[in-house]
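The data below hold one chain only, encoded as structure tokens and taken in the form predicted on its own.
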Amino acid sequence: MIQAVSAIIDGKPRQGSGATIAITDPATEATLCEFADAGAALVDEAAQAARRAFADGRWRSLPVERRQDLLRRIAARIEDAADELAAIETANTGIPLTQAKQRHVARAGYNFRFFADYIGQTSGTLYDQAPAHLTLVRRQPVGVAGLIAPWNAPVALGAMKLAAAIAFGNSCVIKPSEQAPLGVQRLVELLHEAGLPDGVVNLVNGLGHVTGDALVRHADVDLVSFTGGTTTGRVIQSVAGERLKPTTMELGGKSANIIFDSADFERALDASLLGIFTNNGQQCLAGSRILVQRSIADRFVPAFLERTRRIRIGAPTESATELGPVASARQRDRVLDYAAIAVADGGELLTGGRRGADLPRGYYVEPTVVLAHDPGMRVCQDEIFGPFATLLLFDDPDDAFRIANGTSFGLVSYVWTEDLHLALRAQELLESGVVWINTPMMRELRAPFGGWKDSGVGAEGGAACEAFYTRQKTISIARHPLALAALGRPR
């Protein structure tokens, strides 16, 4: 394991003098390490370092081929360190080791390869319709990006922000969640080991309301990208808005996973379990509301419960483990509280709702399933963010779409049907930024990924990131010397 530092500025580790923050292993409740909150002073140094790196052009002025080469070296360095990164991520988050390596670390490397390829194909636009002028539009990097990564998938999602920001020539300061900073810290070290110039990527570790707030407010930070909870996102966007800083906000979700009676039953069952119980249920795009057509409920619900009860809970380092601990004691208590809330509101607790059996230490929660009789219940509306599935029954497609759209969130929708016309109707009517049809969660990085309503503002992806991390400039050039009016010339 690595020792957390308060910051990495100009490629060098730094220790702050703020409040002490302890990093805990969710599987054992042991303290992995401690660090001091970076605070405003180190944020200021990090932002200034990023500004210097941007201003002198040590990175943004390199030919695109040089930047591509470096991005690919970073990807290779991540892949070479996959075992180490996965072990750090698992110890810090409780994500099963197999998932951490095969999904999170693999995705981190792919992010850098993807943007290396993408920037080799970008182009400007030329308008030549005006007879006297040629007008071209080009895009240039914005400057210094403030990047704030979440605790549920810090390496994968932190790498997405880093790869996109620097691919287009920006410098940046990244702040991981104070709960899970270790994987991102090692990721930043790997970037420097691959040869990234000092100052292009800087890291600050600390509390959101201290270090995070200082980062968002800093005058040298030109734009902010945040992934996390909706409440925090509102605060960040409000502060950034006071300074007219562009933001992207990837926020919460309460995604509907709709199982029609025309679905491939076994495939829909497998995917429904994956959609809520992978990553220990802690993902904004989880299919946490499972909508089942009433005509197949007598078959689907017992099958789902049987499989849920057989999910292997255990130490995340064990290869057979399918569900590890949630990330913190607070998150464990939140999930357990919602099991009680569901019953109090008239729902049926079908399985789970208790601490993990036979696991005396660690923040383990049994995979929990509740049958809700009213889509307005809190367990149908609130993002619980754990291994907690809420089942809802519907009669016909109109009923399904009404229930699916009946939340303040709009990140992802899942649809399971072999009826092409129904699938096309569903993608038209569902109010979410992403609709996945007959597939569990996947990310097509060429396409935008972002939510509607309380699930966010803006998107990530190839063109979406280009639009955010660059700004457009319009240049008009006279085709030939122009005859100009001679104001003030003697007659």
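Everything numeric in this text was worked out from a predicted model, so none of it was measured. The numbering used is simple: start at 1 and walk along the sequence shown.
Keep in mind that the form predicted together with a small molecule is missing from the display, and what follows is about it.
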| query | finding |
| --- | --- |
| In the predicted bound form, the residue from 232, 135, 381, 295 that sits within 4.5 Å of the small molecule by heavy atoms | 232 |
| Candidate from 436, 449, 59, 35 lying within 4.5 Å of the small molecule in the predicted bound form - any heavy atom | 449 |
| Stretch from 121 to 129, 365 to 373, 270 to 278, 170 to 178 whose residues place a heavy atom within 4.5 Å of the small molecule in the predicted bound form | 170 to 178 |
| Contact of residue 361 with the small molecule in the predicted bound form (heavy atom, 4.5 Å) | no |
| In the predicted bound form, residue 82 touching the small molecule (heavy atom, 4.5 Å) | no |
| Partner proximity in the predicted bound form: residue 236 to the small molecule, non-hydrogen atom cutoff 4.5 Å | yes |
| 4.5 angstroms heavy atom contact with the small molecule in the predicted bound form for residue 228 | yes |
